[in-house]
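First, one chain by itself in structure tokens, the form predicted alone.
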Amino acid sequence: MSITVAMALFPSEAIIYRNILKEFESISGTRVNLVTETYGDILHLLFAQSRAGRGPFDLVEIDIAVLGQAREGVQTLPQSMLATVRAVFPEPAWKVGIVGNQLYFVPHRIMWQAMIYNRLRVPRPPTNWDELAQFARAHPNKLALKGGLYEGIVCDAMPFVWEAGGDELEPTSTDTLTALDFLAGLGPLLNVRSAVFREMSVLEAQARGEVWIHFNWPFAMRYLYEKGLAPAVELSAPVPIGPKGRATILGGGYLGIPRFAPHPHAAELFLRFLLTREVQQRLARELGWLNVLPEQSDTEARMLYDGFIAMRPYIRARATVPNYTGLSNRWQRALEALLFRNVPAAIAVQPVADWVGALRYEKSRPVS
């Protein structure tokens, strides 16, 4: 028997991953055909298989941001799997795969953001919002956000909203506006390329010394380490704490079994293999994933990822709504207007508020 699995792996990751698959193939006698696609393409493939009522995929990896949209295309998973998931992953990570009492998705790789800083230029990284603002005023152009018109701008901004007590589904609340006003104050002080920065471009700017502080995912430390810049120059630190606590955004891929998977039972066995602590530790060690990072004993690894380890108790998932893309697109435009076009917060978020209002109206309508 063989199963076909679609995952959003980089080519270098896929080579390592295939070596891990060999262990499962040896134990189970089941061959795993690994197909690598982007998260967006995997979502399209899942929907195509669902519409057709047939297809080749037994297991798919879905971006956490669109789990609400993808849920209709996957089967529910056995409740017995929940205990295993809970033993491996922190609560916010496994809870996002549950709707009601049903488990639809399990974490595959989880990650969250921390602050990346130049320890030579910034010997004491900012620990709170006031210190971050002081840094920005003292060093214009050295703080950066991933401000390109894409999901990254939401990932950078939303932890500030949460740290103020706000919520992405409450865009006009006092707490949310407090966070947005703070970000608006940082806008003119940001690196001028923030309006187009994405994960890699801002990281490369940090590596060149153009940026001294930005927020990014754990792959950033691996990239800097391979360039010889970490930990000698670059390190990670917690996201500066806000007026109502600390928060970081949860990211990563989740696995689900499509409704019309040809071999759902074999796919379930493969899922259970991936969820073993031994395999999770291997994924963390060989691919640099954060899944079980706090258990790593390597001193240099802990030094590199210190900020990420510190943020583990404060991870938070984005809203799981049926059309997250619609919500995100409106937040992206609102944040772009706020940060780079000086549009007041209350005005910038009004399209978000209108969208959320329409969503709630649809939910409240009686079914005819």
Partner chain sequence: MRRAGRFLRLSCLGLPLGFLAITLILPLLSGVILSFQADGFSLENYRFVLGDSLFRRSVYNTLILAAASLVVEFVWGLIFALLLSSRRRASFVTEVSVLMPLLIPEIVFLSVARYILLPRGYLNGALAAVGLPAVGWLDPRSALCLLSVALVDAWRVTPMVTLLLLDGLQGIPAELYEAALLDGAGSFAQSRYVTLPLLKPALYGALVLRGVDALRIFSTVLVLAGPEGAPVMSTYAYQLWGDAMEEHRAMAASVLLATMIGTLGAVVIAFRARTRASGGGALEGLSG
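The term rigid core refers to the most C-alpha atoms you can superpose between the two forms while keeping them within 1.5 Å. For clarity, every value in this text was computed on a predicted model and none was experimentally measured. Positions refer to the first chain, counted from 1.
Same protein, other form: the form predicted in complex with its partner chain, not shown, and the subject of what follows.
- 4.5 Å heavy atom contact, residue 63 and its partner chain in the predicted complex: No, residue 63 is distant from the partner.
- Partner proximity in the predicted complex: residue 85 to its partner chain, non-hydrogen atom cutoff 4.5 Å: No.
- May I ask you to check whether residue 333 falls inside a 4.5 Å heavy atom distance of its partner chain in the predicted complex? Flag for residue 333 set to yes.
- Message: Residue-level contact is defined here as any heavy atom of the residue lying within 4.5 Å of its partner chain in the predicted complex; does residue 149 satisfy this criterion?
- Response: Contact check for residue 149: yes, within 4.5 Å of its partner chain in the predicted complex.
- Work out which of the listed stretches, 128-136, 174-182, 245-253, 188-196, brings a heavy atom within 4.5 angstroms of its partner chain in the predicted complex. So the stretch in question is 188-196.
- in the predicted complex, the one of 91, 167, 204, 278 near its partner chain [non-hydrogen atom within 4.5 angstroms]: Contact with its partner chain in the predicted complex is made by 204 alone.
- Task: Counting only non-hydrogen atoms and a 4.5 Å cut-off, give the residues of 45-64 close to its partner chain in the predicted complex.
- Result: Heavy-atom contacts within 4.5 Å come from 47, 51.
- Task: Indicate whether residue 71 shows a C-alpha shift of 2 Å or more between this form and the one not shown, with the rigid core used for the fit.
- Result: The answer is yes, as the C-alpha of residue 71 shifts between this form and the one not shown by 2 Å or more after core alignment.
- Closer or farther: how do the CA atoms of residue 40 and residue 203 lie in the predicted complex, compared with the form shown, if the change is at least 3 Å? So the answer is closer.
- Taking the shown form as the reference, report whether the CA atoms of residue 38 and residue 220 lie closer or farther apart in the predicted complex; the distance changes by 3 angstroms or more. It is closer: in the predicted complex, the C-alpha atoms of residue 38 and residue 220 lie at least 3 Å nearer than they do here.
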